[in-house]
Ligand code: PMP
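Listed next as structure tokens is one chain, alone, in the form predicted alone.
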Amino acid sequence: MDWQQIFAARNERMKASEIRELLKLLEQPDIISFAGGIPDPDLFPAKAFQEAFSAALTPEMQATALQYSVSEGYGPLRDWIVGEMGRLGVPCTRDNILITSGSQQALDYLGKLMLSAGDTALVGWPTYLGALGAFNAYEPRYDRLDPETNRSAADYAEAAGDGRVKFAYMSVDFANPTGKTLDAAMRERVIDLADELDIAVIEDAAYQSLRYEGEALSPVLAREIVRKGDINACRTIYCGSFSKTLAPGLRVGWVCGAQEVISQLVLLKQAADLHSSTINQMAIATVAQAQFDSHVAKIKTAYRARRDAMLAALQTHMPDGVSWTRPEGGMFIWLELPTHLRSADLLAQSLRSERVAFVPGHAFFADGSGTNTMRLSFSRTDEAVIEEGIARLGRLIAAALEA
């Protein structure tokens, strides 16, 4: 049977995630992987989750834990998130929160909710690969979001052609893949631009808690509330996740935004999977209430040391002509190579000769550019292995420059 004649035309825009494919390399013990931006499982609060799941399965709680539940999410978890958002400067209520199966599901729902074929999504250049994967199914155009330029709203609107600009997507803290943080002035500029274009802002805050140095900056949503007084008058939609702080395998994230948006997302949730796993939400709520801050402090200490080790190793081993970012938090460092080098070619060579994995940068560009860039993650690897892996990469790149 020719399945291609049955698949929808939009299926042609769907591509396998290069990162998901590279994660398969973790099964090979001799590979040093700087590829997947995944937490270190040795740092998971496993004992706390064992206790939380046991508590959820007591006779008093199991009927709730194992039963269907409301699409909006488990009430005590939403209440905890309301408190956490308040600490970030976002006063809200349960009605402003939807629990999703990771923030990736939130991006899919937001793309489905807002994008018609030919509409424009403003994204970073580069931007999170998973966001492009989520939005691609809804057949958008992409345009470069760069608040540091003086590009006008009229210019963005003109470039959208027959469609219209629907939203600006960004990760403002320690962005995946670059590790960069958007400063306060640029966050304000994004709000101005969104008001001028009458579009939504999707604020992906997956790494917001993982700051290792520097002054914490309030989210874009918090800044918009200062201007407009009420979250329900705001156009920014905040996507949070427990994947980088507590446990990615439980797939628990959330959306915080205006009630009008949340109510529409609830309808999509009901159509897609009814609700996120109740028992997983209960376990996350229990662990978050008991030790979120202390656990985040623990993992920040570990990841800070690994970031510092990678930055030091890059300084020691990278040849002239290679530059990289110096993130204040998160899990990533972004390398830019001389323009004639292709990181995809280097990856193939590296896997053969050096046994080091990374993500070629072109995967993060909506237009496939950035062929001379690469993303390195330091979260999964200890300091000694980081030193060895970067030394190998430096040797490989130096040889490519001499060739």
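No experiment lies behind these values; they were computed from the predicted model shown. Just count from 1 along the sequence shown to find any residue number.
FYI, the form predicted in complex with this ligand isn't displayed, but the following is about it.
Participant: Only one of 78, 307, 244, 166 comes within 4.5 Å of this ligand in the model of the complex by heavy atoms, so just point that one out.
Facilitator: Of 78, 307, 244, 166, the residue with a heavy atom within 4.5 Å of this ligand in the model of the complex is 244.
Participant: Heavy atom within 4.5 Å of this ligand in the model of the complex: which of 251, 141, 112, 235 fits that? Just give me the one.
Facilitator: Contact check passes for 251.
Participant: Honest question, do 323, 334 and 372 all end up within 4.5 Å of this ligand in the model of the complex by heavy atom distance?
Facilitator: None of them does, since no heavy atom lies within 4.5 Å of the partner.
Participant: Taking heavy atoms and a 4.5 Å cut-off, does residue 224 contact this ligand in the model of the complex?
Facilitator: No - in the model of the complex, heavy atoms of residue 224 and this ligand never come within 4.5 Å of each other.
Participant: Indicate whether this ligand has at least one heavy atom within 4.5 Å of a heavy atom of residue 207 in the model of the complex.
Facilitator: Contact check for residue 207: yes, within 4.5 Å of this ligand in the model of the complex.
Participant: Can any non-hydrogen atom of residue 181 be found within 4.5 angstroms of this ligand in the model of the complex?
Facilitator: Although this ligand is absent here, residue 181 would stay clear of it in the model of the complex, with no heavy atoms inside 4.5 Å.
Participant: Does this ligand come within 4.5 Å of any heavy atom of residue 74 in the model of the complex?
Facilitator: Although this ligand is absent here, residue 74 would stay clear of it in the model of the complex, with no heavy atoms inside 4.5 Å.
Participant: Hey, of 193-201, 283-291, 209-217, 102-110, which bit sits against this ligand in the model of the complex at 4.5 Å between non-hydrogen atoms?
Facilitator: So the stretch in question is 102-110.
Participant: Given a 4.5 Å distance limit between heavy atoms, list every residue of 123-159 close to this ligand in the model of the complex, or none if there are none.
Facilitator: Result: 128 alone.
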